[in-house]
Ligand SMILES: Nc1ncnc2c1ncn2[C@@H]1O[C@H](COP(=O)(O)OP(=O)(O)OP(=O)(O)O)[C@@H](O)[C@H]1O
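Shown here is one chain on its own, the form predicted alone, set out as structure tokens.
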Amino acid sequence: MIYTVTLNPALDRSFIADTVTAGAVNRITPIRDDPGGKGINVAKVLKGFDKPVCACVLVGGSIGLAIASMLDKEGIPTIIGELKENTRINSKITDRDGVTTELNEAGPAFRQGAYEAMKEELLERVVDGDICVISGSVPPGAPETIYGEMITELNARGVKTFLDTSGACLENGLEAGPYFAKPNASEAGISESIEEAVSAADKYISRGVHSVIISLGSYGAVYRDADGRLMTCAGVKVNPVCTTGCGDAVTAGFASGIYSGLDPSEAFRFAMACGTAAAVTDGTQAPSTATVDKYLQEVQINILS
């Protein structure tokens, strides 16, 4: 089973606009509402490939109920920690050039009891060999060590832990030694340069991470692992529709590949095809398998070692 953890989910409300100009009236057209948050985005992609997936979420209020209902309709089982406050709404506005502007709410306050109930059920269910993807921001008031503590408990049960977050939660999470990490250039503190990404990837491996993909947006990505593999991938040229969730699709693709026993080079290639397909998909819905298959033929992996 592949589990995803989203402690600060959202209802993703996507719009399109000709232009987005600060200080001016911007005319927008709504496209769709999707259950969102990085872990939920990962779960949606995995479900599209018929992988056994369960989404662990903290949700509350009418928005939280709507998200739970959407996940149920998509056939994604859940482990839920119930909050008292309403789950947040995040707005995504994409202009005619494919540039997405995000307006993200902070989210409801962290509730320790709800988190513990969700985590306890997760720990009771996982078995050796499962994957757990822990990703996204944490709710206001949550401790910065929360991801690191969860990774430690899951690692002790033989679970392959995947980490995709930023800031202090990323730093604390890395100290626990996740199996996989997927920072983007900004989170890694580098420019969108292959050379800098290779150097940064080496540092992640030296800190105890088994494998890492550093995503560089349209410039591609770098893969490095503790077994000495180093690979790069150039970005596939597309006309983006919405770039929100592309990194989550990369994480989902890699998790899918590792769960299915693919060689790391094939898992990396599949991950990059998923990220590219997500860029040409409306809102934060999962890209179709047909779109992923299309770009799988175009992704080129360069194996350096």
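Here the structure is a predicted model, which is why all the values come from computation and not from measurement. In this text, residue numbers run from 1 along the sequence as written. We call the rigid core the largest set of C-alpha positions that still match within 1.5 Å between the two forms.
The form predicted together with the named molecule exists for this protein as well; it is not shown, and the discussion that follows is about that form.
Segments offered: 67-75, 148-156, 180-188, 120-128. Contacting the named molecule in the model of the complex at heavy atom distances within 4.5 Å is 180-188. Proximity of I28 to the named molecule in the model of the complex falls outside the 4.5 Å heavy atom cutoff. Residue contact with the named molecule in the model of the complex: S215 places a heavy atom within 4.5 Å of it. Within 4.5 Å of any heavy atom of the named molecule in the model of the complex lies no heavy atom of L163.
Of the heavy atoms in C246, some are within 4.5 Å of the named molecule in the model of the complex. Of the listed positions (C56, V250, V45, V53), a single one reaches within 4.5 angstroms of the named molecule by any non-hydrogen atom in the model of the complex, namely V250. Shown without its partner, the chain has M272, G275, T276, A279 in segment 264-295 as residues with a non-hydrogen atom within 4.5 angstroms of the named molecule in the model of the complex. With the core held fixed between the shown form and the other one, K92 has its Cα displaced by at least 2 Å.
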